[in-house]
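So this first bit is one chain, no partners, the form predicted alone, shown in structure tokens.
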């Protein structure tokens, strides 16, 4: 029998539209989001649990939670 593969969710930032306000950084429970070089948010997907708090908090609506294989 083949093992069941579950799809996990991760945060993705639309980097060109990000204004680096830092709201996402403040609410991330795993510290997966950081502001890179003061110009945009970056997500460490190895730490991201896909909870969606960053996307909900983003005033520019440039963070999306997407399914990933694995």
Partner chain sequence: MRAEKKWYDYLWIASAAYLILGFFNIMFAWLGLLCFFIPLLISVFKGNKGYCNRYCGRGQLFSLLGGRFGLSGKRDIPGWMKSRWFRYGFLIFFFVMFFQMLWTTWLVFAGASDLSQTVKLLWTVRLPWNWAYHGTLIHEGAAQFAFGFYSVMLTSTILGLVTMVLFKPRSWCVYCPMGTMTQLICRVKNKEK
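Numbering follows the first chain given and starts at 1. No experiment lies behind these values; they were computed from the predicted model shown.
There is another form of this protein, the form predicted in complex with the partner chain, and it is not shown here; the text below is about that form.
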Is residue 35 part of the interface with the partner chain in the model of the complex - any heavy atom within 4.5 Å? yes
So, residue 21 and the partner chain: in the model of the complex, are they within 4.5 Å at any heavy atom pair? yes
Give a yes/no on whether residue 45 approaches the partner chain to within 4.5 Å in the model of the complex, heavy atoms considered. no
4.5 Å heavy atom contact, residue 49 to the partner chain in the model of the complex: no
Going through 53 to 67, which residues have a heavy atom within 4.5 Å of the partner chain in the model of the complex? Please give them in sequence order. 55, 56, 57, 58, 59, 60, 61, 62
